[in-house]
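In structure tokens, the next block holds one chain alone, the form predicted alone.
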């Protein structure tokens, strides 16, 4: 059941469910597509998450739009926005979603790029090659961007290589590092502290602050990891400079 949850006088959360499932997220993406094409007067931006979308708005502009259209002036701005969002939800059609973009992420696994790869293999009673093969075998859905600029929260990794976080986080993880934490896998777009098990690194730049679209990845993208050699890693880096 879809719920509308006001957050103060400038935001409303539209909650499509409580779990992490592609079916729920497709509704999230369908909703954001409508907001992209038919934003209501006063809408500022929206923030998609695993199973919800937070819609931010300007309460003054929303009230003014109500006044200009001659509608009921006694309604609060959050009531007006909820009414507008209910109309959008009423015509939602997730079957009309655009095909997702598939982004290939080259990864050099193990060695200095993935110092925890052997631990992940040992923890799951697998060989290193088996871990790599399993990691690249499934396409991962980008559910949301957060934690750090351009950091993708992914779903779809096989449970066969799930591994707990490190007991002691590292103070600085290099940008491009690919990690595993529990059932999740992800890529660090910038150098940050972190406790994920590092299995490799990509030469791609995921966060480009001077681009019109700073994050290489967007919610709704599918990621296909692809193994590359250390030589190929350096060639990618040289081309990007």
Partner chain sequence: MTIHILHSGLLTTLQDLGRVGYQKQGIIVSGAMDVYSLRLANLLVGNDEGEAALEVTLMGPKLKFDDDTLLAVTGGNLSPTIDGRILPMGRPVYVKAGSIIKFGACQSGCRAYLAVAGGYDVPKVMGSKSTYLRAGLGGFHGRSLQKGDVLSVQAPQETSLRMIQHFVKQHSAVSFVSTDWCAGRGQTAISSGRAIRITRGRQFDLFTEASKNALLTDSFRVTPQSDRMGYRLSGAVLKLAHQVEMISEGITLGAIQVPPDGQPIILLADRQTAGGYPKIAQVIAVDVAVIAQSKPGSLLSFQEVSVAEAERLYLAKEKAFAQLKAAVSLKLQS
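Positions refer to the first chain, counted from 1. Because the structure is a prediction, the values reported are computed rather than measured.
There is another form of this protein, the form predicted in complex with the partner chain, and it is not shown here; the text below is about that form.
Contact here is defined as any heavy atom lying within 4.5 Å of the partner chain in the model of the complex, and by that definition not a single one of 2, 141 and 205 is a contact residue. Among residues of the shown chain, residue 52 is one whose heavy atoms approach the partner chain to within 4.5 Å in the model of the complex. The partner chain is not shown here, and in the model of the complex it never comes within 4.5 Å of any heavy atom of residue 231. The shortest heavy atom separation between residue 218 and the partner chain in the model of the complex is within 4.5 Å. Residue contact check for residue 223: none of its heavy atoms lie within 4.5 Å of the partner chain in the model of the complex. With the partner chain left out of view, the stretch that reaches within 4.5 Å of it through heavy atoms in the model of the complex is, among 125 to 133, 159 to 167, 76 to 84, 110 to 118, 76 to 84.
Listed residues 195, 182, 59, 174 were compared with the partner chain in the model of the complex; 59 is the one with a heavy atom within 4.5 Å.
Contacts between stretch 33 to 55 and the partner chain, counted in the model of the complex as any heavy atom lying within 4.5 Å, involve 36, 44, 45, 46, 47, 48, 49, 50, 51, 52, 54, listed in sequence order.
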